[in-house]
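Presented below, as structure tokens, is a lone chain in the form predicted alone.
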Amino acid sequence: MISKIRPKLQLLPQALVEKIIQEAYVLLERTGVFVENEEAVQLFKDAGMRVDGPEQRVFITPALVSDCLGSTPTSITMYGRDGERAYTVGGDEVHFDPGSAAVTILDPATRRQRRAETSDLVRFVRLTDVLPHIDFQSTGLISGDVPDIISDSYRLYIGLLYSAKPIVTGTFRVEGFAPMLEMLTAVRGGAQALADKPLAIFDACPSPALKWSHLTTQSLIDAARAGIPSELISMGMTGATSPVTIAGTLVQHVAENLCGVVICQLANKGAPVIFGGSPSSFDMRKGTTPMGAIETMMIDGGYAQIAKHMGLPTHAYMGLSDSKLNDSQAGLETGIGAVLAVLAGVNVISGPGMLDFESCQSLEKLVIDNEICGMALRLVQGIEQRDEELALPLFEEFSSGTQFLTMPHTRRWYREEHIFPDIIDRDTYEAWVSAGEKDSGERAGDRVEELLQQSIPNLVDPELQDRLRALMQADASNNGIAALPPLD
């Protein structure tokens, strides 16, 4: 049998990969990075790095970067809530999640964005839990019916209650990490068990250009010491907060991410780190950050290739759209992004369900995107030799009446070779008319309700429910909040 190949995307010649890395090293050593966190600054000083001025510009030597790269794991194994199913984050393994922290949800009835509430978040989590091509859960919606001060822990709380999948999350305040860690530890059964079988990934975003804030740096330190993977989300915008060229933005992106790697390793040598981002090709005509722009996707594919060269797990915001509705723009941007992401071998792909520059989540789009992800995943499975002789035996008694439909060979391999989407329309025109002449968004809306009505909520056991509820209520009480929204 001839072995199959995994189709791949490579955007950079090897010489350019090495030049970008070399310039990033020089940038860290000569220009430095602003670090606003005192604990991190002390870690750098203890490592012998020079720190200058009241803005605490840290100059990082190539030797320290190389040493920290050497101690960073080349892959991470994530586990679901039950601790049984394992997901490899590394190599060319690919996992989709819906992205984090959308501030609105698209209402399919009004075709307008609105503030999300707890009921929306529960539906979002439950839906993500049953979609087969979305491996990871995310804290993808902010509930407008709880105060901002506990919104991080509350999103995680709902995710842990209603989903068994690993979860991508993060915190917008330093004090938010501790209660979130308590919840994760409660689910896993102890701090060491959580470190041994990570359940969550914490996003941390540097501030372009070349700055790590107090909050995001503290998240890196806290996650590293808990053994929780940090996902570095550098967000340069070409010509606005990073150089206007793609190659120049990649230099900055790599430098910011390498600084994050170093912080994690100084906090806890061997800590898991994912080299990621949410950069964009800045649209100077509109003043927007188009995530569906092909140049944005090229930046993503470029830094993924660079990260793989350095032996790091990868992440990107791809498979999403800047459109405001589930229209043709949403489909084309999401489809192109998902395909390019899997071809680039990005390990954690955030974005399905997202619209409007990462600010809006749509349950209907999430269902459509699940099928887009399934098609992209099928692509990278490649073309396989199923039989020793590919086709010759099928033609041995060939005649004008030969029917492949009735052959045992067809029955044997049809389901192995093909995937079968539900939302994508493959009916005849007459069948489509008789089914109500619905477009993909309408079909997706029907499918959302079917999935939520047919599936039983994937709740944790009653004892753990009580434990998580007590932890969430304690966090609320500590922040002056008397009651939480009721859950069904």
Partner chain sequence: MEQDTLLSEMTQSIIDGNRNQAEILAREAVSQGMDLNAVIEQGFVPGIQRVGDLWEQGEYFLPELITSAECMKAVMNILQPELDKANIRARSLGKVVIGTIEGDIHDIGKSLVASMLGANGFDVVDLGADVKLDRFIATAQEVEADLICVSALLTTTMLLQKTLVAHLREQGLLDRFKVMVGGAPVNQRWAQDIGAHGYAENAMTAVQAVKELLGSRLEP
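Values in this document were obtained by computation on a predicted structure and should not be read as measured data. Residue numbers count along the first chain shown, from 1.
Separately, the form predicted in complex with the partner chain exists; it is not shown, and the next lines address it.
*Asks:* State the residue from 283, 327, 182, 295 whose non-hydrogen atoms include one within 4.5 Å of the partner chain in the predicted complex.
*Replies:* It is 283 that has a heavy atom within 4.5 Å of the partner.
*Asks:* Considering non-hydrogen atoms and a 4.5 Å limit, which listed residue (103, 394, 174, 191) is close to the partner chain in the predicted complex?
*Replies:* Selected residue: 103.
*Asks:* In terms of non-hydrogen atoms within 4.5 angstroms, which of the given stretches 269-277, 318-326, 232-240, 366-374 touches the partner chain in the predicted complex?
*Replies:* Correct option: 232-240.
*Asks:* Within a 4.5 Å heavy atom cut-off, is residue 118 in contact with the partner chain in the predicted complex?
*Replies:* The answer is no: residue 118 has no heavy atom within 4.5 Å of the partner chain.
*Asks:* Any chance residue 132 has a heavy atom within 4.5 Å of the partner chain in the predicted complex?
*Replies:* Outside the cut-off, so no.
*Asks:* I'd like to know if residue 75 sits close to the partner chain in the predicted complex, meaning any non-hydrogen atom pair within 4.5 angstroms.
*Replies:* The answer is no: residue 75 has no heavy atom within 4.5 Å of the partner chain.
*Asks:* Find out whether any non-hydrogen atom of residue 196 is located within 4.5 angstroms of the partner chain in the predicted complex, and reply yes or no.
*Replies:* Residue-level check for residue 196: no, no contact with the partner chain.
*Asks:* For the three residues 14, 62 and 92, which mark the spot I'm curious about, does each lie within 4.5 Å of the partner chain in the predicted complex through at least one heavy atom?
*Replies:* Answer is no for this spot.
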